[in-house]
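Encoded as structure tokens, the following chain is the form predicted alone, with no partner shown.
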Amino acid sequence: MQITRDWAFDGADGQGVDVAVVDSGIDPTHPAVGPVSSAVALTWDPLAEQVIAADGPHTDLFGHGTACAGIIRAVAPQCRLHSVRVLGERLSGKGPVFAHGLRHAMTIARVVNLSLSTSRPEYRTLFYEIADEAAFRGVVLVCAVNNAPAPSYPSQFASVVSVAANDGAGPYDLDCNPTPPVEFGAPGIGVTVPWLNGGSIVTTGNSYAAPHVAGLVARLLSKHPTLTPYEVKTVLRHVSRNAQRG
């Protein structure tokens, strides 16, 4: 069998695949996003020192999550989107909230988009364990790497699909990197993305490359649902525009 783009994606649209966006929330009224199948907002209670979860529709506190959701929707229009809000109005959050949200996302979705990370070394082991758990459960974690040249977690781990921005503009402008930990490049430079109040902005960042790959993974799994996370990586490498083909 030869792994080609047609084999991977032809006729696929993400139908039947659940994709969780762990971020600042998703605006389900944005025309570029469409329906959101579930939503939960997670916050930290400093008095009780625990994570508080509020199920149900919520707003996007920044715009970042809506941007990621819109990119995924454009690539895999029939996937089911889920919002897991762990970031606040300043696009910041607590490590335990992030971890709790990621674990929740793994229970409801086959693909999880993580356009966020932590660079704090005390959380490295925790996110390493969660990322391994996801891989063993067949959940594909797609993680944007840090925009700054510094380690971030869980994007550093081999069990996730790590993504940085490239200058591509087309749906298949995917590059593979022979020297990880950054494994793939996808469109994320000067891209137009959905934002708050039904609008859009032009922006740049690894955050916007990761959901492009998450959308491709959703399309792939809608056509080939039995693939494991590691097999997904193999397919992505084969269909990359710079892949070495025999």
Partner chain sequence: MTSPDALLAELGRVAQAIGPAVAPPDTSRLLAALADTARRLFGAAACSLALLTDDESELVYTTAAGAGAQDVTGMRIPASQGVAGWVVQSGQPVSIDSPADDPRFARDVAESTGYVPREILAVPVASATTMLGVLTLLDRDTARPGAVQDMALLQVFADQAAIALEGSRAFTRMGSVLLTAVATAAAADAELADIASSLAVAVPPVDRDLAELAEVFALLSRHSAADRRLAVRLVREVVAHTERVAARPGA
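Everything numeric in this text was worked out from a predicted model, so none of it was measured. Positions refer to the first chain, counted from 1.
There is another form of this protein, the form predicted in complex with its partner chain, and it is not shown here; the text below is about that form.
Heavy atoms within 4.5 Å of its partner chain in the model of the complex are found in exactly one of 37-45, 178-186, 193-201, 209-217, that being 193-201. Taking the partner from elsewhere, every residue among Arg90, Lys94 and Asn147 has a non-hydrogen atom within 4.5 angstroms of its partner chain in the model of the complex. Proximity of Leu116 to its partner chain in the model of the complex: non-hydrogen atoms within 4.5 Å are present. Taking the partner from elsewhere, Leu61 is found to have a heavy atom lying within 4.5 Å of its partner chain in the model of the complex. With a 4.5 Å cutoff on heavy atoms, Arg120 counts as touching its partner chain in the model of the complex. Shown without its partner, the chain has Asp23, Ser24 in segment 15-32 as residues with a non-hydrogen atom within 4.5 angstroms of its partner chain in the model of the complex. Distance between the C-alpha atoms of Ser200 and Ser92: longer in the model of the complex than here (change of 3 Å or more). In comparison with the shown form, the Cα-Cα distance of Gly63 and Ser92 increases by at least 3 angstroms in the model of the complex.
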